[in-house]
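Only one chain is shown below, in structure tokens, and it's the form predicted alone.
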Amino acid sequence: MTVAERAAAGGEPAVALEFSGHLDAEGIGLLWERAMRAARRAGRRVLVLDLSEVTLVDTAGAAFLTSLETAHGGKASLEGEREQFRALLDRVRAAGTKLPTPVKLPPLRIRDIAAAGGRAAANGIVFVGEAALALVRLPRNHRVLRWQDLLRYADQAGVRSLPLVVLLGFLIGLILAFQSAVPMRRFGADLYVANLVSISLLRELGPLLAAVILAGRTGSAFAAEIGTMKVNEEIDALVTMGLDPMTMLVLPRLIAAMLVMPVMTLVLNVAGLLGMTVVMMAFGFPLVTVTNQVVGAVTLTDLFEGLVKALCFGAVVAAIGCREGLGTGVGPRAVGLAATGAVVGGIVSTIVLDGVFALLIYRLGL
């Protein structure tokens, strides 16, 4: 590229940028800074872009020439360009002048939030009704329910999550015991840490933490698997073949989650009690004393309450994961959004259901 001063076609003073060779993505990188400085220094003079020695202009070169015109900000003209160069430049200029229309979002109103919540509740009720109907029809459609899939989902949801359940339960029991023993020791009541941790684990934390693990590992996996099938139109193919997706896809996952959740809760409770025992023994209490405290503090009612909660939590987490998968939209983000919705919805619904259980147990005096 050379920079020359000369007169324009109308006799006005001009600054000419004379190019040669190829104006492509590879060639303009060496010219960009120098050409931009020359275009800005032209000031009020006419900017002439001489393309008589140019043999090739691609889209990057056309964008480079339009950027020179923009950087100059004044009158600019082309010389020696070929017809195909001009057509390409016109298209690049047109693309650069079309600004996207800003999307004005409507103001967020309380009735819109209520309507969205109502639609979500209605969709949930519809899903529960379809699942119940599929369960009623199961004896007639038992061949559609593949028991191999049921065992595979149980393995995925329960067996493969046991290392994480054991680790989380042990750490939770250890942390609870340590954090409780430090302040209770001031009053000489650190022995009752065993009572506190055991009751908390069996009634509340055991099923709740197991449900969080199920939602994070399995609920999201259910939503991603079914969502991928929905995006690939595999569910439409099942319907076309006369197969019920609720019986074939949802019921095995739902049954598997309900079967493994009580087991996961029991394993987490045992691991938490072991973590608590380690802390209590570190504070100088013998194993027999800790065992006697735990046996005297908890009852079978506490254990059964936690297992019933775990059963319900498993059904809720699996149902939300499957519903999010069946409601997957289109596009590359749809499956990820479905998995995220399954995790968030599963955890929030579990906590809300746990609050309902707490109120119900209190009112029943259990």
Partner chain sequence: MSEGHAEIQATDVAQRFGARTIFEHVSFTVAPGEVFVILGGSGCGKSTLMKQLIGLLAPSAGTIVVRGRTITGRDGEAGRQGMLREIGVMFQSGALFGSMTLLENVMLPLEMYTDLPPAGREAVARVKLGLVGLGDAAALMPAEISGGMAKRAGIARAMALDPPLLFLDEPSAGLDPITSAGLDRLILDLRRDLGATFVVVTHELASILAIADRCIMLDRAARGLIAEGDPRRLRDESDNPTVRAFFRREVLAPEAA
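Residue numbers count along the first chain shown, from 1. Owing to the predicted nature of the structure, the values given are computational and were not obtained by experimental measurement.
Below, we refer to the form predicted in complex with the partner chain, which is not included among the displayed structures.
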Exercise for review: Scan 110, 136, 241, 288 and let me know which has any heavy atom within 4.5 Å of the partner chain in the predicted complex.
Suggested key: 241
Review point. Ok, 92, 174, 144, 166: which has a heavy atom sitting within 4.5 Å of the partner chain in the predicted complex?
Key: 144
Exercise for review: Look up in the predicted complex whether residue 237 has a non-hydrogen atom within 4.5 angstroms of the partner chain, and give yes or no.
Suggested key: yes
Exercise for review: Tell me, yes or no, whether residue 79 is in contact with the partner chain in the predicted complex, where a contact means a heavy atom of each within 4.5 Å.
Suggested key: no
Point to revise | Interface membership of residue 292, the partner chain in the predicted complex, 4.5 Å heavy atom rule | key: no
Review point. Taking 4.5 angstroms as the cut-off for heavy atoms, does residue 196 touch the partner chain in the predicted complex?
Key: no
Revision key, fill the gap. Testing 259-267, 166-174, 212-220, 226-234 against the partner chain in the predicted complex with a 4.5 Å heavy atom criterion leaves exactly one stretch, namely 226-234
